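Before any questions on how it binds or moves, here is one chain, the form predicted on its own, in structure tokens.
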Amino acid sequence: MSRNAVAALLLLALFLTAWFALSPVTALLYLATALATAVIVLGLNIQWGYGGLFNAGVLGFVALGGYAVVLVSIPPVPEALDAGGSGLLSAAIKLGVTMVAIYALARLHAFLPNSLLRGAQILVGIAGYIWLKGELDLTIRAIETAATADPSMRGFVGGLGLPVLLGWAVGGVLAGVIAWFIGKITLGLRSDYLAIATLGIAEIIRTFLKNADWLTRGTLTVSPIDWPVPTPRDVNALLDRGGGDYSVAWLDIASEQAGTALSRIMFIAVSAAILIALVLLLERALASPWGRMMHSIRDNDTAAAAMGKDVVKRQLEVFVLGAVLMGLGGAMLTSLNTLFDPSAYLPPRYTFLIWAMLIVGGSGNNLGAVFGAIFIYLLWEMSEPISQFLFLNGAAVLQAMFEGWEPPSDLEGRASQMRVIVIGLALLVTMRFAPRGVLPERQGLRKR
């Protein structure tokens, strides 16, 4: 409890520093982003902390979740659907037929040798690809050349125009489905090969989303994306119609920022409710026989297999469950940013930083994962303005002390690079003084 209290006070101190040193609306934005990121870190904790699976492709599942929000909430482009809608439906049917054929062949393992079965599945996959590709290419070309009433939507098929909260749910489902296919292929590999495979698959997903202009608009980005609560623009417009001074003096929020702050507080409330529900459910799962079984598989999969446990099947379960949370968190982040940009999904931000959060917080502990996500994200965001302040003031002091000394012209650029150094120092300090994380996994069997 003392560790939990110290961790909570540390997060409060960081948040208050951002509140007073930067601005209240900036601090609220940081907190909203940190809570969405915490959902992603919980997913990684399920995979690594529960199952011992080293996933180096977190980025791919986060990007899939972000795209799901576009697919569900963005309105469709009628002209593009008229030009290529029937072709997309036909291509989806052909893809479904191919997948069913591959699955049907897998059910014949009792009658055919494995080598022959694998060869037949590969041949069916190649034939299905050839069958699908010709029509899909023609459909994409028709969509990209269709004239649209809105020139900015040219070459883009759009989405379904449904509520954004449904997009969050679809983001988790889509990431989970893709994770199931990936897991069926990669979970038989050794841990180092699994890391390489997931890293490569994440890059394939990122490259596809970046180049599928008709589906994601590629580098042109998709915006605006709705919030599940009124956006800052909506709240500001409502307050402007009401008139009067809406400043909150005791919170140091000016009238012109009140709407933005209120909207972000509502988003934080929704994100916090989701995060709390997930933590409670995962804690209950961890205290169940299933959770103890997963710990036994993580610690010694050979002994677990000798006791009759289906190790690969259980690992597939935690891999898919973790990916579902990664997709959900990715959808939340995309909605918060009101923008989907495939080029913004970079490994340092969506893989390295996520792993740093879990290591610092404590692998195997859900509260540790949440703490690490919020702590490292606040540290990541605040290190640049604080470094810039220290650099500029330090340069002024040196100029006063040493006549003729001139500071480097790229101080602001150097300040932005301090993020990596600060996170690296946080990792080093944690590994030296708390090698199992600030809030480490509790030892011993849990009881319901």
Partner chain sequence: MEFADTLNALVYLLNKGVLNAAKIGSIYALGAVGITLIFGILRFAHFAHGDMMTFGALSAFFGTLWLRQQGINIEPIPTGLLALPVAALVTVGLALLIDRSVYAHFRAQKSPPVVFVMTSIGVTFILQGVIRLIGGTGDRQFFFTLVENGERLREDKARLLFDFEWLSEHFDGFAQKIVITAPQLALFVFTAVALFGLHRFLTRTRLGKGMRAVSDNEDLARISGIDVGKVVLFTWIIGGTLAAIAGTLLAMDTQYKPILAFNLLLPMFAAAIMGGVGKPFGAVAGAFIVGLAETFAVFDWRVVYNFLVPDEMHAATALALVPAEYKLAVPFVILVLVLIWRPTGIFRGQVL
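Here, rigid core means the biggest group of C-alpha atoms that superpose within 1.5 Å across both forms. Not measured: the values here are computed from a predicted model. Positions refer to the first chain, counted from 1.
The protein also exists as the form predicted together with its partner chain; that form is not presented, and the subsequent description refers to it.
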Inset, instruction - Identify which of Ile185, Ala106, Leu89, Ile265 has a heavy atom within 4.5 Å of its partner chain in the predicted complex; exactly one of them does. - result: Ile185
Inset, instruction - May I ask you to choose, among Gly96, Gly161, Pro78, Gly200, the residue with a heavy atom within 4.5 Å of its partner chain in the predicted complex? - result: Gly200
Inset, instruction - Kindly confirm or deny that Leu165, Ala369 and Arg442 each have some heavy atom within 4.5 angstroms of its partner chain in the predicted complex. - result: no
Legend entry - Close approach of Pro230 to its partner chain in the predicted complex, 4.5 Å, heavy atom: no
Legend entry - 4.5 Å heavy atom contact, Pro348 and its partner chain in the predicted complex: yes
Legend entry - Contact of Tyr129 with its partner chain in the predicted complex (heavy atom, 4.5 Å): yes
Inset, instruction - Indicate whether its partner chain has at least one heavy atom within 4.5 Å of a heavy atom of Val72 in the predicted complex. - result: no
Inset, instruction - Choose one stretch from 311-319, 284-292, 230-238, 118-126: the one whose residues place a heavy atom within 4.5 angstroms of its partner chain in the predicted complex. - result: 118-126
Legend entry - Residues within 4.5 Å of its partner chain in the predicted complex, restricted to 406-428 and counted by heavy atom: Asp410, Gly413, Arg414, Gln417, Met418, Val420, Ile421, Ile423, Gly424, Leu425, Leu427, Leu428
Legend entry - Threshold 2 Å Cα movement between this form and the one not shown for Gly125, core superposed: yes
